[in-house]
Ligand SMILES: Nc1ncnc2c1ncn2[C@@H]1O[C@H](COP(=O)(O)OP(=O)(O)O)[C@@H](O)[C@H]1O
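Just the one chain here, the form predicted on its own, laid out as structure tokens.
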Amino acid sequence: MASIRLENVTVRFDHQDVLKDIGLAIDDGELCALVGPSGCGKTLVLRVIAGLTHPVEGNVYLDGQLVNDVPPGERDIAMVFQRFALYPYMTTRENWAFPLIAARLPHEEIEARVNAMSEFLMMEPLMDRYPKQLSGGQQQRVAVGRALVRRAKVFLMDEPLGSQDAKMRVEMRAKLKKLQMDLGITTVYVTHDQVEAQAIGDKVAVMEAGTIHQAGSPEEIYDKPATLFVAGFVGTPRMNFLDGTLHREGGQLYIDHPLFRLAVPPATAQSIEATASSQEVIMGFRPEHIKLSVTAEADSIPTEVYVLEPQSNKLVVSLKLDEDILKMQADRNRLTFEPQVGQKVFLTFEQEFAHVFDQNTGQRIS
């Protein structure tokens, strides 16, 4: 197997940097999910690792060895392309067997691997069909199988489940995660779905506009987002943001909003003041860290129910707070009342879960 390290990688097209000073370390046997909006450079990172695109600056290391000048065919990498790239004149069986034949594996080993993959990907009835005889989702599974059957040092997967229906996508996601764990093969998995990235990744790297904002465990990304972009991108519903102003009074640091005041714990007050570029900050609250009641409580804020979105056992409530629309989420059986559109209610922020960001830089300061 192999570790992967990208060091200050920059890719430039027509005098424009499309990847900017990318740094990313993926440990041997780790599954790293690259997530971000369309066009942010996720696929290009895969191409750089595979050797299909050469950086104008920076280095690529596989298992500690510099591979900038190593051809793609000599890197022992298997890649699932977003556009499948199947051999149209080969059946499913032949598409999977071809790389194994090229590697001169024994016939028995080839047959065993192909049969195991057909069962794993639930393709047994489709093994003798050509790509044109398969649906888009089935073609995608053929592309995934052709990469997995090789057992290369590194798997690169570009939206490998994007054409699957919702049920198959969830099922295949769990299967891919289990197989990767069993084989211990270093994997980079590209997706635009942040829920999928958190579910499948040992490490999650969040990208925007050719840069990596943050890389860490799914828990780190969710609990301590490094930037406003990460905070707003990861999480469903997205984090709520409110403008605030730092204000010290009587030795206590507060963040003031026209409708409420947030007391900053003394342990973090000094670091926040030292890090903030100005007095203007942005507070973030996850929807699950807002509570609702029909009566006023200590530190509660009057608001109005704007929209209700039932989601199975959960309820997402949009709340109108002056010009802002906030979202709260709760288990339906834990709510003490049934909210109604237009109803006057009171919200309370769980202030110990507040996130604070610099308004000028967008960087986390809490």
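Being a predicted model, the structure only gives us computed values, none of them experimental. Residue positions are given as counts along the sequence shown, with the first one as 1.
Another form, the form predicted together with the named molecule, is not on view; read the next lines as being about it.
J.: Here the chain is shown alone; which of Val317, Ile49, Leu31, Cys40 has a heavy atom within 4.5 Å of the named molecule in the predicted bound form?
T.: It is Cys40.
J.: Taking 4.5 Å between heavy atoms as the contact cutoff, choose which of Leu62, Ile26, Leu44, Leu326 touches the named molecule in the predicted bound form.
T.: The option sitting close enough to the partner is Leu44.
J.: Closest heavy atom of Val18 to the named molecule in the predicted bound form, within 4.5 Å or not?
T.: Although the named molecule is absent here, Val18 would touch it in the predicted bound form, with heavy atoms inside 4.5 Å.
J.: Taking the shortest heavy atom distance, is Phe13 within 4.5 Å of the named molecule in the predicted bound form?
T.: Yes, Phe13 sits close enough to the named molecule in the predicted bound form that at least one of its heavy atoms falls within 4.5 Å.
J.: Name the stretch: of 333 to 341, 295 to 303, 32 to 40, 64 to 72, exactly one has residues whose heavy atoms fall within 4.5 Å of the named molecule in the predicted bound form.
T.: Going by heavy atoms within 4.5 Å, the stretch is 32 to 40.
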